[in-house]
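First, one chain by itself: the form predicted on its own, in structure tokens.
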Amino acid sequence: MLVAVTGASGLIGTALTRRLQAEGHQVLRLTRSRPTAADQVQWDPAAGQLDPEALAKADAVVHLAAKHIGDQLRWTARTKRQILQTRVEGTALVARTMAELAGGSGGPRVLVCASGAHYYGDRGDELLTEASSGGRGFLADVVQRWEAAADPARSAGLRVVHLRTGPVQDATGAGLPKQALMFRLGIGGRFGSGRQWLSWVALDDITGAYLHALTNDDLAGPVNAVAPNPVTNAEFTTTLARVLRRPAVLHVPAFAPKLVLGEFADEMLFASMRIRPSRLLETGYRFRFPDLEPALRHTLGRPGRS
């Protein structure tokens, strides 16, 4: 299978590309830079430029490219506009191009598109599945518009999957290294009450979920790409401290990060999402890391005591 991948140089894209190739698939990388290899094709989502002839060669598309929501810790109006536009514009361009190719009975037949667990918003202790309604808030609105941008491909009869991803736990990622450093310095601790739920996923399992979605015809629509055992912030704190063999005695009161980070803190640190990956489990996906501690030990290189 030839899979076209946007965002192939990011955390998930790099790992997924490596895994696809290891399993015998070919990868066509869509890049905004000038191509430097035969497996690269240039595109410009902001300008609406994507060569349909290049995309027509692919059997499927994985669309990952978007501005990382943690690039700036205090969101300005400009940052929020970029977060929304990079998701909606890129997805709409890919979906339209695929729909046009499908109209001529050609091109890729499957679109697996990145999405976010923040679709559900802050929901407390409610157990959320793909059947749950969308929530409220900036990121919930972004994700709902992000998924809707793929409607042209859906309307053309193509199989479209939205992987609603939680925070990816990996030592080379954006969040975990910073958290681990705080604990190593002895300043790690829970945020606020610590009762807010975190629906996390290991990097190995998010790449596995993408491969599963590409090859499983029973999957379409929203798919929760999170581990089956979410944890509270307090549980995450205790587990990470145990893995690193460091104390976790500090408590960061909610008002402090909210004062400094504003809306970012509300949505990224204190929103509670207790999510179950029902569709992945129902279609036979087997998680390599269903539980947090083995996932952290694996990526941080901290095996348990024998």
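Position 1 is the first residue in the sequence shown; the rest follow in order. This is a predicted model, so every value here is computed, not measured.
Below, we turn to the form predicted together with a small molecule, even though it does not appear here.
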Whether L16, H162 and A209 jointly form a contact site for the small molecule in the predicted bound form is the question; each needs a heavy atom within 4.5 Å. no
So in the predicted bound form, does any heavy atom of W146 sit within 4.5 Å of the small molecule? yes
Should H68 be counted as a contact of the small molecule in the predicted bound form, where contact means heavy atoms within 4.5 Å? yes
Is it the case that P45, even though its partner is missing from this view, gets within 4.5 Å of the small molecule in the predicted bound form, heavy atoms only? yes
With a cut-off of 4.5 Å between heavy atoms, is L11 one of the residues that contacts the small molecule in the predicted bound form? yes
Which pick from L198, A114, L214, L139 sits with a heavy atom within 4.5 Å of the small molecule in the predicted bound form? A114
Could you work out which of V168, A227, L158, L93 is the residue within 4.5 angstroms of the small molecule in the predicted bound form, going by heavy atoms? V168
The small molecule isn't shown here, but in the predicted bound form, which of 98-106, 83-91, 215-223, 120-128 has heavy atoms within 4.5 Å of it? 83-91
